[in-house]
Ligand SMILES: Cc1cc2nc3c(=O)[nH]c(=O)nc-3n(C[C@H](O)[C@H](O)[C@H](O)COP(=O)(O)OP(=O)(O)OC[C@H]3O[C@@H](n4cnc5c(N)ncnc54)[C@H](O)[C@@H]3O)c2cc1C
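Presented as structure tokens, the chain that follows is alone, the form predicted alone.
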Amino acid sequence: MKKNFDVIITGAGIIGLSIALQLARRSTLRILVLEKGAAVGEGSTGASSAVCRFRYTLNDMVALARDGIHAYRHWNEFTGLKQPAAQFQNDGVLWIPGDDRNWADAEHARMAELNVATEVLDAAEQKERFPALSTCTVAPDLVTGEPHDCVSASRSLLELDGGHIDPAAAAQDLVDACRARGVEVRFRARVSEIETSDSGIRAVLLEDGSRIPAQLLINAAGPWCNDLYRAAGLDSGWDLVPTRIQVLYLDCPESVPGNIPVSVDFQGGIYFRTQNRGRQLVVGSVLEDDEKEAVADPDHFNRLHDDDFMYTKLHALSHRIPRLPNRGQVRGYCGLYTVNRDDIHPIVGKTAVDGFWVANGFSGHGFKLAPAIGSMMARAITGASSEFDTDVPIDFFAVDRRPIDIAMKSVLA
């Protein structure tokens, strides 16, 4: 028997599933999520470092991150699952700005106005709280690797409620939560065509030849989003580029003392966090130059890290964690951001094609924002409010908006 659906969402990553759950919790809409992969986490979500930090340049982005992280911090309540697989790790997020003595205090005051709990740590306080981390404010030489005499004068910002969560486990929890609310989630279901008429969306056609009628279609296909725009006969008007992103991970032995927070090291150009109960470190880049490798085909790209990337990031990491041994196996993987090269912010909402809605171009911000983006979309579609809503208006990310004027075009924007 053929089923009818009110809403079809393409993409069962963290964004698509968050939208589906938020729609289901506030409506009786019949919802179908289509995922081209064979299982959860095969796209950008599975390769995410899933860092949950609050600080952004724009206040609306801080508010959106705050609202998204609130859902992760109350994951049982958000998903409705008694025993979700994912658990929020409240390690805190430490921002290390280097020799800028005013940055942390100014951001601390701004975060307080946005209801984000932070502390400013001077060098002595940071060393007491996190003894493994150097308080040096001199940038490491990332070209030659030459050593320097460290100056211990840091003044850093600690986000008390930040942390991380397992991305694949969180996505699987959302699949379970969606299905518990009557949402159908199908894997190995790749959209090949979209039928439209003068009145808008009519149906989607899958690669297996099946046709599914739809009047409301949401493009949450991540790096594959451009295929859906083309299938709908629409130019998004934005430069949305699948982009290869490298991540390293290595053992963190017991000789490294104390707890290590999620850390953002401006001068080293890296972020890092622990995983596996603190026994491993995950390391990535915060530099714009490391977010420029376009991928022509998101189904086929180099998934192994580059040696040059590895050596540079390990040198920066060793500068920040001096007692990290210079031995042991370093492994890596690559995932994809969908970088909006126009302004590093997503486009979210309705398009010029009636019934075709989008949530694309998250540029590395998507994981932490996802529950709030789901709220934003679901409220715009249904008109109904629910728990875990955000007050940030959907027009902030409107498809027909002008690019946001922002100086930094990296994952830290």
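From 1 onward, residues are counted along the sequence shown. No experiment lies behind these values; they were computed from the predicted model shown.
Here the subject shifts to the form predicted in complex with this ligand, a form of this protein not shown in this document.
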item: Joint contact, Glu42, Trp224 and Lys368 to this ligand in the predicted bound form, by non-hydrogen atom at 4.5 Å; value: yes
item: Heavy atom within 4.5 Å of this ligand in the predicted bound form - the one residue of Ala50, Ile344, Ile31, Ile347 that qualifies; value: Ala50
item: Partner-contacting position among Val183, Ile321, Met111, Val191 - heavy atom within 4.5 Å of this ligand in the predicted bound form; value: Val191
item: Location of this ligand contact in the predicted bound form, chosen stretch of 128 to 136, 224 to 232, 115 to 123, 81 to 89 [non-hydrogen atom, 4.5 Å]; value: 224 to 232
item: Ile15 within 4.5 Å of this ligand in the predicted bound form, heavy atoms; value: yes
item: Close approach of Gly335 to this ligand in the predicted bound form, 4.5 Å, heavy atom; value: yes
item: Exercise: Gln22 in contact with this ligand in the predicted bound form, heavy atom 4.5 Å; value: no
item: Ala220: touches this ligand in the predicted bound form, heavy atom cutoff 4.5 angstroms; value: yes
